[in-house]
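First comes one chain, alone, set out as structure tokens in the form predicted alone.
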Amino acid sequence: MATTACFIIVSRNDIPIYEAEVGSAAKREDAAQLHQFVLHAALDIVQDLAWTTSAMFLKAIDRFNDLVVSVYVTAGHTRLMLLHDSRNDDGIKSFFQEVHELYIRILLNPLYLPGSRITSSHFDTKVRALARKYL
């Protein structure tokens, strides 16, 4: 089964710092823009939910057609957002937890400026490998 998945990390200032199309479905030319639009539209919902719960994994917070937006909010209010069409909550939670660990390693790098774009090819390779493993 082909899956559609778009993963994005949004800083606490609502600036996207990492984006990746990690699904195995055939790519449409307008899919990337549609996925970005749906994810950014869900930011308001995330903002409201983040202050009402102590959970980091917010599960499915929004839907668009057959796509679902799942979110993981870090302690520093960085949002890890995934647009997907699968129903694997445990796999998605594990994916978020491991990507969060990778993100912490990026933050510990003294050459990385927090809030700037993540351009590391190593980070990108690891995120894509985790997506293949869990999604």
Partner chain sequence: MAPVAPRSGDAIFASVDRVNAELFTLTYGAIVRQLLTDLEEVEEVNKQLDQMGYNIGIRLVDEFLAKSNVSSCVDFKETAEVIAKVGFKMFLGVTASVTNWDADGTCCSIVLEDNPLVDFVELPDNCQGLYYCNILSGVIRGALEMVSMKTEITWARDMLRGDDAFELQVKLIKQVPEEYPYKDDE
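Numbering follows the first chain given and starts at 1. Here the structure is a predicted model, which means the values were calculated and not measured.
Below, we refer to the form predicted together with the partner chain, which is not included among the displayed structures.
Using a 4.5 angstroms threshold between heavy atoms, residue 47 stays clear of the partner chain in the predicted bound form.
Using a 4.5 Å cutoff between non-hydrogen atoms, residue 108 counts as a contact of the partner chain in the predicted bound form. Proximity of residue 120 to the partner chain in the predicted bound form falls within the 4.5 Å heavy atom cutoff. By the criterion of a heavy atom within 4.5 Å, residue 15 is excluded from the residues contacting the partner chain in the predicted bound form. Note that among 76-84, 100-108, 34-42, 48-56, the stretch whose heavy atoms approach the partner chain to within 4.5 Å in the predicted bound form is 100-108.
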